[in-house]
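So this first bit is one chain, no partners, the form predicted on its own, shown in structure tokens.
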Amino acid sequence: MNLRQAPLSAWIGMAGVALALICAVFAPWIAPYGEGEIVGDIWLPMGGDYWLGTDNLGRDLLSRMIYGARTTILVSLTATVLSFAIGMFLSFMAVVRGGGVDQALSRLNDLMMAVPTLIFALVVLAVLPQETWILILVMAVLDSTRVFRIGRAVALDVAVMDFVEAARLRGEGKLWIVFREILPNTLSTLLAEFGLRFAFAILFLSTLSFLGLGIQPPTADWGGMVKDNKEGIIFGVSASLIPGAAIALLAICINLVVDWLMKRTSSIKGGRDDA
């Protein structure tokens, strides 16, 4: 992959994602104050010792933003990886086995997708203990339905190829065909979809936190910070607008990178077809 040929939009996206990842990985060393440390009065303006001001409890907003990046990215990335592991495995097995297995998994997937995702999550999280691992699992299961749909679509195109039929005639097992024949030939499409699902996971987590069913206080995450400081908008305080802007900018940056990767993959395939 030649990064020098990447357009300006892709470089902007990669810079934004890299900045968020640096904050997430090195949060304890970068943040000027502790995650829950009260350092001053509530809703102090920007400037001085507090570059972004303070929040509704007098905590440094910049420090909370840095720690919030770690929580938001870690939870969203874990949920996305888990959703892809579930969705890809089930979709590929449905295609390889076909028949009743394919129909049963596809209809179950359609049934789950018929229920609005946010409503489903709110109902489930309202009755289950508010633990981070439960939140990740719920997000992963709900998002795996989308992964199953696209995974099955791309796997169907590959499963009819001659090299897959040759593997069947050689007597290769189902798992061998999935991981050695289908997966490598669908990886580019699925990687682009992974980026999109990661962006949606960030937005979904932030929505749940804003509604009080996501990351629980005092742990910092961007959606919860918007919720905690929303009353300040009435008084002209920007403490809730800053994490909201961070959520939007990170989602945009991820989409810029994914858009470039999808265009690059399409041009490579087009060049190979022409050849």
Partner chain sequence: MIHAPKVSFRPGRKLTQRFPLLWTIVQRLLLSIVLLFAVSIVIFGGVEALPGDFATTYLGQSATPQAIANIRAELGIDRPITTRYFQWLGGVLTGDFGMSWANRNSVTEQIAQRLGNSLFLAFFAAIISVPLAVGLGMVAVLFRNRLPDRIINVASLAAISLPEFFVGYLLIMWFSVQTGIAVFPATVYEGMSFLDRLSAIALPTATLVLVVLAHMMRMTRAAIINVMSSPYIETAELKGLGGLRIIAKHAAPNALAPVINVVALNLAYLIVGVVVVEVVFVYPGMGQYMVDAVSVRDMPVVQACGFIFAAIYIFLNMTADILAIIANPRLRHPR
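Note that this is a predicted model, so its numbers are computed, not measured. Residue numbers count along the first chain shown, from 1.
What comes next is about the form predicted in complex with the partner chain, which does not appear here.
Annotated contact segment (heavy atom within 4.5 Å of the partner chain in the predicted complex): 235-243, selected among 32-40, 46-54, 66-74, 235-243.
Comment: the partner chain is not present in this chain, but in the predicted complex one of Leu203, Val178, Leu105, Leu82 has a heavy atom within 4.5 Å of it, namely Leu203. In terms of contact with the partner chain in the predicted complex, the residue from Met93, Leu183, Ile150, Leu122 that brings a heavy atom within 4.5 Å is Leu122. Though the partner is left out of this view, Leu190 does not reach within 4.5 Å of the partner chain in the predicted complex, counting heavy atoms only. Though the partner is left out of this view, Ile247 does reach within 4.5 Å of the partner chain in the predicted complex, counting heavy atoms only. The partner chain in the predicted complex is not approached by Gly99, whose heavy atoms all lie more than 4.5 angstroms from it. Residue contact check for Pro116: one or more of its heavy atoms lie within 4.5 Å of the partner chain in the predicted complex.
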